[in-house]
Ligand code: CS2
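Taking the form predicted on its own, here's one chain by itself in structure tokens.
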């Protein structure tokens, strides 16, 4: 079977804009499946609708796989939306190239300094921000091939060239993600070049954003289904759901794509949307992951088919998370919960629970612990969240399966040291390993221990 490329695709299948005539306007760190199903999809449609030089150069920080998938295909790939009624395909043309960071650091710095580059975006996962247990910058990790090193080099060149500032836009599932990126990057720069830190603070912006689309890891079966529909082999194919949402704070340093013309919400305050997504969608997803794995399920839709887990998820979203959220005007949290249940039920996605369960120590502070703290201040118990938290604690014990988490050895050692009766307090009590997001009462810790 021939491989997808600009040469093998018919003219009707290629994007309507001239890719070769467009400059790179966006540099993206962390070009995984999510970005290809989300930001690159929005940008592709924005260029088709409103034009502009907004081709994306993707930076892979370590893995060679994305470059091997996309570069031989001229950056082209298929986005397959899966619903119960069938699959729809779109060829995405917004990615110009994929760069492997350790091999081409000078290329990255040059793109960051280029006058045609205006936006830098990130999907590097929670652990990519190199935070320590208290949320500050872990300098030992940050010094070693992190985004901060590349940004520091590129911003220095940009300042020397007299170029305008950049919009540095985090698209990761972190509460207040833009401000976190700003705080951590400035901490890194201040330790090395205070003048560059001052220039960055004065000229660059760090909008908060909220992203939402379920994008399972692409399997060989998924690639084969795309090949059967397309008639070409696409190693970069991405499968996703029809739903997508992107909310961005209106805080840009310069030009940007006309994203608002293709469904992106540009708003004054992202917080209500971000909080709903983190606490309701992501919180429910993590609960399904840990509780579902322990019940013997593999996929999200299978876990949702378990009556006990369905009740748990409904309670978590509607009765525990939603009351902690100050909704924006027109934001209907009950309707949002209805939509989430429908999305979780989608049987065509095969979203693996193990994929969601990865890196839990980096995710549960904003997905669960913030809800527990807010609910506690309101005097409301959260039995569903405590049940999910107990499932996570059993998961990180590491006895049933491999734990993919940057703190896995530390968490397993805590279990060996404190045992079942002491692990809850060691994790979440005063000076607990999971920080200070949640200040549990003795009764809450006892209730959590009883669930172990």
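Numbering follows the first chain given and starts at 1. In this text the structure is predicted, and so the values were computed from the model without any measurement.
Absent from the display: the form predicted in complex with ligand CS2. The rest refers to it.
Asks: Which listed residue (127, 213, 310, 179) meets the criterion of a heavy atom within 4.5 Å of ligand CS2 in the predicted bound form?
Replies: Contact with ligand CS2 in the predicted bound form is made by 213 alone.
Asks: Though ligand CS2 is not shown, can you say which of 120, 356, 76, 237 has a heavy atom within 4.5 Å of it in the predicted bound form?
Replies: Contact check passes for 356.
Asks: Thinking of ligand CS2 in the predicted bound form, which stretch from 148 to 156, 106 to 114, 274 to 282, 67 to 75 has heavy atoms inside 4.5 Å of it?
Replies: Single hit among the candidates: 274 to 282.
Asks: For ligand CS2, considered in the predicted bound form: do all three of 19, 22 and 36 come within 4.5 Å of it, counting heavy atoms only?
Replies: Judged in the predicted bound form, none of 19, 22 and 36 sits within 4.5 Å of ligand CS2.
Asks: Even though ligand CS2 is not shown here, does residue 256 get within 4.5 Å of it in the predicted bound form, heavy atoms only?
Replies: Judged by the heavy-atom cut-off of 4.5 Å, residue 256 is well away from ligand CS2 in the predicted bound form.
Asks: Does ligand CS2 come within 4.5 Å of any heavy atom of residue 173 in the predicted bound form?
Replies: Yes, residue 173 lies within 4.5 Å of ligand CS2 in the predicted bound form.
Asks: Taking ligand CS2 in the predicted bound form, which residues along 363 to 383 bring a heavy atom to within 4.5 Å of it?
Replies: In sequence order, 363, 367 come within 4.5 Å of the partner.
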